[in-house]
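Okay, so here's just one chain, in C-alpha cells, the form predicted alone.
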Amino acid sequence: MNIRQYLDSTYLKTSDQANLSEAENTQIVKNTIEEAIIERFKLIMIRPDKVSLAKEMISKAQSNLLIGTVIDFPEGKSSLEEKLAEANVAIQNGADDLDFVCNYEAFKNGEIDLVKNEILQCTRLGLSNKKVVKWIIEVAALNDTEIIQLSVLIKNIIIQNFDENDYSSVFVKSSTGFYKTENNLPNGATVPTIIMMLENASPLPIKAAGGVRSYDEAVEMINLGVKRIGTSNAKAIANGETSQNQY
C-alpha cells in the first residue's frame, strides 16, 4: 500500500487562527506545500487565497502534487451564489479539488430544497471543469440519523443528475476539523461515523478528515474503504508515527 497516495496534507488556519503574522502563516503554507512535494503526497489542501502560490511552487518543482481548497469554509452558511463565485476563483487559480462545506445547518433545519440545489449546482460547476468535488457534512454537528440522511441525500442527487463515470469524482467528507464540540468529544472521522458514511453514500467515495493521527488509524480507515484522508499529520502518518495534532 502506498499510503502517501491517500493523504491530503492539510493546512487551513488563517494567520489570526494560528496567532501569527500573515508572513509567518504564509511561510507555514509554503513549508507544507514543499513537504508535500518532497513526500509525494496525493494532494495539498490549503485556503483559496493560497492556491496560486501552490500552483507556482508545484509547477517550478515539476511535481504531480494536486491542489485542493475549501469553499465556504468552515460553516457552509453562505448563499449558493457566494459558494459558486468562490469556487470559480479557485478553479481559475488552478485548484484540482474543491471541498465544499455543505450547509448542514440548513439541512438540520429542514431546508432540504436549498441543500439539494446547492449540492447540484456546485457539483455541476466542479465536474464541468473536470475537478474533483467533495462535500463536507460536518459529522460532529449531526446525529447518527442526520449523518445517514445527508449521505443518502448527496448520493441520490449525484446518481439522479450525473453520469456513472462521474461518481468517483464526488466525495462525501466527514469534517472541517474546525467544529467546536462539547466536552472535547471527537469532531472528525471516527470508525462508527465513517462506516455509516460508507454504507449510505456508496457508490460515492469517502474522505475521512479530522482525527486521523497515526499510520495504524490511517490504514484502518483505508481498510474500511476510505479513498482519501485529510490530515495535518501526513508526514508522521507516512513515517509510521503518531502525531498529537487533532486534525
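Numbers for residues come from their place in the sequence shown, where the first is 1. Being a predicted model, the structure only gives us computed values, none of them experimental.
What comes next is about the form predicted together with a small molecule, which does not appear here.
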| Would K13 show up as a contact with the small molecule in the model of the complex if we use heavy atoms at 4.5 Å? | yes
| With the partner left out of view, is S232 within 4.5 angstroms of the small molecule in the model of the complex by any non-hydrogen atom? | yes
| query | Does the 4.5 Å heavy atom contact test between G211 and the small molecule in the model of the complex come out positive? | reply | yes
| task | Look up in the model of the complex whether G177 has a non-hydrogen atom within 4.5 angstroms of the small molecule, and give yes or no. | result | yes
| So which of 190 to 198, 203 to 211, 27 to 35, 48 to 56 is the stretch with heavy atoms within 4.5 Å of the small molecule in the model of the complex? | 203 to 211
